[in-house]
Every structure is written in structure tokens, then in C-alpha cells.
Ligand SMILES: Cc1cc2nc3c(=O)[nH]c(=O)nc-3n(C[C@H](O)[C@H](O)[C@H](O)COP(=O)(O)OP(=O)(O)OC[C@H]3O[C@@H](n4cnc5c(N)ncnc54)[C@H](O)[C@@H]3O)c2cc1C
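Okay, here we've got a single chain as C-alpha cells, the form predicted on its own, with questions on binding and movement later.
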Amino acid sequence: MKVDAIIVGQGLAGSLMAWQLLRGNLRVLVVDRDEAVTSSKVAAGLLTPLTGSRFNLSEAVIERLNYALNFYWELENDHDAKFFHHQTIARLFRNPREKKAWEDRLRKDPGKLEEFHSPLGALDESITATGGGFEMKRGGWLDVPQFLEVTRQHLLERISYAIGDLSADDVSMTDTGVRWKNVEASKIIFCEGWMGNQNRFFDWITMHPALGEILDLKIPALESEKRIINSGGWMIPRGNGIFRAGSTYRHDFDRIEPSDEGEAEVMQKIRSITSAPIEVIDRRAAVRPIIKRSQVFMGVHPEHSNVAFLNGLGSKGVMNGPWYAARLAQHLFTNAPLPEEADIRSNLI
């Protein structure tokens, strides 16, 4: 079997990579362990244009946001699917410092921010918003498991998906690319999440994985709330008074499963948002891939130009991922330059 690229891992990064290569009429084989619990399958999928306590909005952010929204919209139309949900975000100020930072940002960049905010609408009396806030527009959330399933089904239809545990030790170099078992490919791209440096090609990349826990909550008093609520913690309405809420961020973990400590930490954040009665109906946990300065790392191996890497999409992966995957696809098959800040050859660590 001959393909243009083998992609190792069908999480968010591997799926985005597959779509970008397929768009270029390239033949791919995605090899995935098909695990029930992964960081992509657990991820909330939030897309928030204005992030952090300083609400920065660079031209790069706008470019990547526009690219991502168009990317998801086109895929939904082409495949008669729904996985991205445009939703207003009620961004509540956590303290006077945040409020001042927002007011300063508005004075500095009123034109640039115009399409991204509106006044905060009425909130349920159980929601704490004593410091005020605003409504963030052009945000929402990606139903990541649904996106992954649509991707998997499309790959299966093209005979481009295989369940398996592809070890880097079983990959050999050839004159024209790489070989794995009976598959020959021009390129192999490792998109393995938090275990991305546990193979012989990329074991020199330092990763600081973090365990994240989220909860599914039933809050009947907020059944009519349609906005995402964000104020330190976050709550995504899923309908019928059900909210997905989170999250934790811990580097010191010895097992990957929900914990009472994680539940307590998330509930503390949600209790700072609402005083309404809450029932915990589910708990989830997975490990995030975190690389130096929480940045995306991608590109080709310093010595093996046919071996590539895409990882570290992190909490902004839904917004940034499509753009970065497109840049890597162009780099691999047209030799287009990579963004220097993300190129592993420019950031040897």
C-alpha cells in the first residue's frame, strides 16, 4: 500500500492534519489506537477570541479565528454535519483589575474590538456578576467527539483509517520516504498528544503534560441560559439545564481518572459563578499535551526530513489548530515556510 502520508493519532491534531492533506488531493492513512478516553474526546472545545486577563487581540489571532470558522463551516456543509456551535460568551470580570484592563483595551482598540463584543445582557439572579462584564461575540465551542467521528467516518469511506498502535521503532527509512509494515509513504506525521515525545524521533522534545478534569452538571434554574459563562471557570450549556463545566490543570498526577479533589476544584470555580442548586451527573479526566511556553510545535525532524510532528495545540487548539495544520501541510508538500515560533527546528529544546 502506498500513500502520501501516514498520520499517527486521530485526535484533534491528527484529524485536522488529515483534512488539510485530503484537501490537497493527497492520500493518507491515519493510524489510531481508538482509545475511549483521550484529551481530544474529553476536551470542552471552547473557542474564545479574547483570551487572558488583558484581552489581547492581535492580527494573527483574527487571521486564525477567521480561518478556523470558515474551515468548520465548509466541512459541515460538505458533509451535512454539525459540530461547531456559534455561541455568545458572557465574560464576567473576576476582579476590578480585569475590568480596568478591558476598559483600557476598549479605549486603545475600539475599532478592532467592535465586532467582538456587546453589552452584557440580563443574567439569572443566581449568577454572580457584581463586577459586570461583557458579551463576547464570534466565539463558541466545537463538539470535538462529533468532529472526530465525522472525520473517522470519512476516512473509513476512503479506506484511509486503521486501528493500531504504531510504534516509531517499527518505522524504517526508504529512498523515497518511510515504511511501516506493508505501507510506504512519502511522509509520516506524529500527532500523539501528551505521549508525543515517547518515540525515538522526538524524545528530545520536553513536554509538561497536565491532567484536566471537567464535570457535567444539571442546573435546572439555568435551563433558559443559552450563553457560555466564563469567569475563571466556565460553563457550556448543552440544553435541558445540562452544563459542561471546568476545569483543572495539574502537572502532578499519577493516574488518569476523575477524582474527588478535581471535582471539588471545579465546583469551587462554578460556585463563584452561580449559587443555583447543582447536581453533578458525570466526571471526566484526560491529559493535555503541554510543550514549552504552551506553544504549538510542528515541523520535520532535524535529521529525517520525511518524519514530521504536530503537537501542543492546547486550550486554543480549536481556534489555532486548522491554521497550523494547513501551514504544516504546505510545508511538507510544497516546501512553504513554517511560522518560526512553532517550527521545531527553530526551537530545539
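Computed from a predicted model, the values in this text were never measured in an experiment. Just count from 1 along the sequence shown to find any residue number.
Beyond the structure shown, there is the form predicted together with this ligand, which is absent from this document and is the topic of what follows.
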For the chain shown here without its partner, which stretch in 89-97, 192-200, 268-276, 221-229 has non-hydrogen atoms within 4.5 angstroms of this ligand in the predicted bound form? 192-200
Considering this ligand in the predicted bound form, which of 298, 46, 291, 29 comes within 4.5 Å of it through any heavy atom? 46
Does this ligand come within 4.5 Å of any heavy atom of residue 329 in the predicted bound form? no
Verify the contact flag for residue 287: yes if a non-hydrogen atom of it lies within 4.5 Å of a non-hydrogen atom of this ligand in the predicted bound form, no if not. yes
Is residue 42 close enough to touch this ligand in the predicted bound form, meaning at least one heavy atom pair within 4.5 Å? yes
Residue 10, heavy atom within 4.5 angstroms of this ligand in the predicted bound form: yes
Check 24, 157 and 322: does every one of them have a heavy atom within 4.5 Å of this ligand in the predicted bound form? no
Any residue of 195-218 with a heavy atom within 4.5 Å of this ligand in the predicted bound form counts; write them all down in order. 212, 213, 214
